[in-house]
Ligand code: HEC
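Before any questions on binding or motion, here is one chain by itself as structure tokens, the form predicted alone.
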């Protein structure tokens, strides 16, 4: 696996929120209950059900995760905090442990990977922690490609207390100057039999390192179109025959669920998906065909006016 390089990654226009990285003397605390972590202000990041490919969660049950970040002399660390009524730490037949993951793009300077484990040509690496004590680095290039990687020094410790998991993950990093870096998060509730694709995940966020010259640009979450008109166009243009979304009585499962499209995806990705649906193909069963070794989406490019595209985009961005 390519070593995860901590360098400035672009484009920032597709990243959602700004998580400041605090510089600390020495190294960040390994104990997630340390006052050095808990005294630091956290950034709340929304989590959405993974509903694009099986095994998928029902399009409900949104949540959030609090994130803190620190940079020491040689180590980058993240502190994750989220509510969980009851800890699940054992694994067995029908038993699943709570877990969390941090996701990073592996190609500096390239367009961001698909939020669901990357896509062909755009791989991701993950720091993975599980409540049974598992800590490992994983890599993927799309759903169904997740593979364990040789140990690279990732460390993690989790503590459950009073209905809250707190997990500190860290790894030694290389020394090039850093400003901003994309990152995303996922959590699994073992008591709810969550595992694999049954998870809640965030959109791409960004870490802002000490000395960054400017605040991170937020994604374009606005559209000149009308969400109300866009909702009507979902029926008129045939989108409702394949995609599930709030207000679609058919609830089809032929194509990815759009119930939280605006929360998980930036405007440029959604616009591109209408314009070039085969550029990034979500690998769900029946979503595509193979043509000459290339995946081709069953969805045709959008045919309509620019105003209609803007209306559809406005509607999709409203789904959170």
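Residue numbers count along the first chain shown, from 1. What you see is a predicted model; the values in this text were computed from it and never measured.
This next part talks about the form predicted in complex with ligand HEC, which is not shown.
The closest non-hydrogen atom of residue 243 lies within 4.5 Å of ligand HEC in the model of the complex. Residue contact with ligand HEC in the model of the complex: residue 297 places a heavy atom within 4.5 Å of it.
Contact annotation for residue 68: none of its heavy atoms lies within 4.5 Å of ligand HEC in the model of the complex. In the model of the complex, ligand HEC sits beyond 4.5 Å of every heavy atom of residue 47. Taking the partner from elsewhere, no residue among 135, 154 and 183 has a non-hydrogen atom within 4.5 angstroms of ligand HEC in the model of the complex.
Scanning 144, 83, 192, 238 against ligand HEC in the model of the complex with a 4.5 Å heavy atom cut-off leaves one residue, 238. Along 278-298, residues 280, 281, 282, 287, 297, 298 each place a heavy atom within 4.5 Å of ligand HEC in the model of the complex.
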